[in-house]
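Just the one chain here, laid out as structure tokens, in the form predicted on its own.
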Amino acid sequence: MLDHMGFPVVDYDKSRAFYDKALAPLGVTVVMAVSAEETGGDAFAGYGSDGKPDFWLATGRPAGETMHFHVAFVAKDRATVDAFYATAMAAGGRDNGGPGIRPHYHPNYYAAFVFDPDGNNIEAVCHKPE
């Protein structure tokens, strides 16, 4: 249903460093970056796989803004969810729910949740049985 999504961040460089590390276990990397000089305004980084940017970060979110986002990334298996969580935490993320089954969603919903540097709730989820 969605082609891509993005949101602004307080500290673009800090957020890029976090997402570069946190999304690596999911096979997601920066596939396109556009500088502020090129846009005449904000800088953007497009993350994705197979050459298509699906998730974008941008400069421009004022410090102290209270709006937060939730983004869930697909993980190919449960081990990848575990790797995402460990890597995101090591990259400076804050725990919002370690890897595990969330049976209130469905019996095979295996996910982990981490707050990014701006307090956004970032999730990796696998829907497959073990």
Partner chain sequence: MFDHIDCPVTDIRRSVAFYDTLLAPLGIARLITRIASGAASVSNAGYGRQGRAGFWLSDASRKGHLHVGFSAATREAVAAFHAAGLAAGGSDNGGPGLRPYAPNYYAAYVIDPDGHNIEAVCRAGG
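Residue numbers count along the first chain shown, from 1. Fair warning: this is a prediction, and the values are worked out from it, not measured in the lab.
As for the form predicted in complex with its partner chain, it is not shown, yet the points below apply to it.
TODO: Answer yes if any heavy atom of G48 is within 4.5 Å of a heavy atom of its partner chain in the predicted complex; otherwise answer no.
DONE: Although its partner chain is absent here, G48 would touch it in the predicted complex, with heavy atoms inside 4.5 Å.
Open item on the list: Under a 4.5 Å heavy atom criterion, is F44 part of the interface with its partner chain in the predicted complex?
Closed with: Contact check for F44: no, nothing within 4.5 Å of its partner chain in the predicted complex.
TODO: Indicate whether Y110 is a 4.5 Å heavy atom neighbour of its partner chain in the predicted complex.
DONE: Output for Y110 is no: heavy atoms all beyond 4.5 Å of its partner chain.
- [ ] May I ask you to check whether H4 falls inside a 4.5 Å heavy atom distance of its partner chain in the predicted complex?
- [x] Result yes; H4 sits at the interface with its partner chain in the predicted complex.
TODO: Check each of I101, A33, A91, A36 and return the one that places a heavy atom within 4.5 angstroms of its partner chain in the predicted complex.
DONE: By the 4.5 Å criterion, the partner-contacting residue is A91.
TODO: Just say closer or farther for the C-alpha distance from V30 to N120 in the predicted complex, relative to the shown form; it changes by 3 Å or more.
DONE: Farther, not closer.
Task: Outcome for the Cα pair A45, G97 in the predicted complex, compared with this form (closer or farther; change of 3 Å or more) - done: They are closer; the C-alpha distance drops by 3 Å or more in the predicted complex.
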